[in-house]
Each structure stands twice: as C-alpha cells, then as structure tokens.
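One chain comes next, on its own, written as structure tokens: the form predicted on its own.
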C-alpha cells in the first residue's frame, strides 16, 4: 500500500467520520447506489495543485453548472470469496464494457479502492451526456455522480460540503458539480485539505445563457492533470497565475452578486486566456486550441465590435463556452449556427 493511498484513505475516513461503524471498515447498507450530477463550467479557472495527492488547488474558482448535461452512475456491490484473488471490478461507460487496462477504468477503480468493503467487487454503470475527456467537464460530473452513488450505497447521509470534499479527491472540479447554478470552490489553507470544498452561491440569473461551441469532442492528447502539473513545474509565467486567479474570482463573485454581465464576461474571458497563456509557455508547450477554436474567438470579437455583448471561456480543451444574455440569443445562433444554448436558471 503506497504512502499516497494511505494519505487519501486517512482523508476519506476523516471526512466520513462518525458515519463509519465501530470496526472502522466501510460497510454497505444497500447492494446498489445511484447518483446524478451536472457538468460545470468554470468562470474563474482552477489550474495547478499545491498538493497532487489530495487534489488541493493553488487558487479558488467559481463555476456554473449546466442542467441536462452530466453523468448518471449506478454502483453495484457483489461479495466474493475470501480466497478469491484481488477483486476485479466491471466498468461500463455509455453501455460499452471497458477493459481492465483502459485509462478511464484504471482511474475509476483506483478511486473506488478507497471505499471498497473487504471481499467485494464493484460493478459500475456510468453514462455521460457529454464526451469523455474532451474538455467539456465530464470528469467533474463523473466523480460527483460517483460520490453521490457511494453516499447512497453506504447510506452515509453526508452533507453536501463533505460530499464535495470526497468528489474533489477524484477530480478537483468535481467538488463544484454537487450543485446546480453558481458554486465557489474555496482553495483552503490547511495541509489536510478539509477546508478545500465547494459550496453553492444563491444568486439566480434567469437571463444568463451558455452556448457550447464544440470544435472537437475527441479525447484530448494531454489530460488536465498532466497538463497543469507540467505548467506548475516548467512555466515561469505561472508564478503570477495564483494571485491573478484569486483576484479574478473576487471580481466574478461581485459581478454575479450585482448581475453585472459586462464585468462577468470580460473577467471570465481574460481569466481563460491567461490560463491558456501559461499552458503555451509550458515546456513542452501545451496548446489545446485548434484553428476552429481561434476562428470562433475571432467571431466573438467581431460580434462585440458590432455591439453584441458576448464573451467566451475555455477549459483545458479546444471547445468554447459562450456567455451572453437572452436578448442576444438570436444573434448568437445566427453567428454560430448549431451551437447548443443552455439557460442554467430556466431549465
């Protein structure tokens, strides 16, 4: 058992706490658990970890969840004989059985090892309504749904803050996918990670629209986990990022509270471009953009020159997420054609 796994296991037991039975072993109260969680789009980004084992971020972030897009997961526990070899889990993604050496399968089963009762295997059926590993936040909704399924399976009845802590352990941005609407992920200061969680922001903004410009939905060549640590390790420009990101986060929180769309859009777009600038200055360079990504950016900038208030944000991938108000919806649909438009507070 590695030191990293032991640290994660201690963290899990700290979070679950009194929900554990006296013998300190995870014990299922049901045979099956179920969870559903939305994807979330970061308006101020998380990029870089101060602790890679516990997924503790260098900076806080703010997001908005997209109803109707996300992950639904069902976990089934099956007891096995004490004399059986190491348990082998079964994973189905969107109806397709994955091999044991599939990277998605390995990552998922490694995470579930933290919660495995003795002499049991997991069967995981998970369905994404967004492409996996394409920069559209599938891992965020995936691990949030998985933690909700675990909470249902073991009947911990954990509050959202603690579920957010567990989801963060699987994928940092998953900490925000426990919530609908806006959410803030606090970076935290404690080395044990117990103060780094997300919580909802109460503001409702029915007129706010998100447009998804899907440039490429194939799996990206460099994962976010690998990309952000390469950036932290090799990019001199990154030294300025955490302070800028925290400042941007506060500005976006003000914009949300005041429903100041121009402030929200400008800050979110600048924040995204600044994050991608650190990636490009990484060695080897990380460039998720494709020619169509830049063309979409140029369209946004051209629309703004025409007086149409639209901005964009981008996560670690080639796809753009447009930010605009409902009054601009006809102009955006005319400029971007088949772009999917979501109103998070009207769905």
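Numbering follows the first chain given and starts at 1. Just so we're clear, the structure is a prediction, and the values are computed from it rather than from any experiment.
The discussion below concerns the form predicted together with a small molecule, not included here.
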| property | result |
| --- | --- |
| Which of 171 to 179, 259 to 267, 117 to 125, 231 to 239 lines the interface with the small molecule in the predicted complex (heavy atom within 4.5 Å) | 171 to 179 |
| Residue (of 249, 275, 146, 165) lying close to the small molecule in the predicted complex, criterion heavy atoms within 4.5 Å | 275 |
| Partner-contacting position among 78, 203, 219, 225 - heavy atom within 4.5 Å of the small molecule in the predicted complex | 225 |
| Non-hydrogen atom contact residue 55 with the small molecule in the predicted complex at 4.5 angstroms | yes |
| 4.5 Å heavy atom contact, residue 151 to the small molecule in the predicted complex | no |
| Non-hydrogen atom contact residue 49 with the small molecule in the predicted complex at 4.5 angstroms | yes |
| Residue 196: touches the small molecule in the predicted complex, heavy atom cutoff 4.5 angstroms | no |
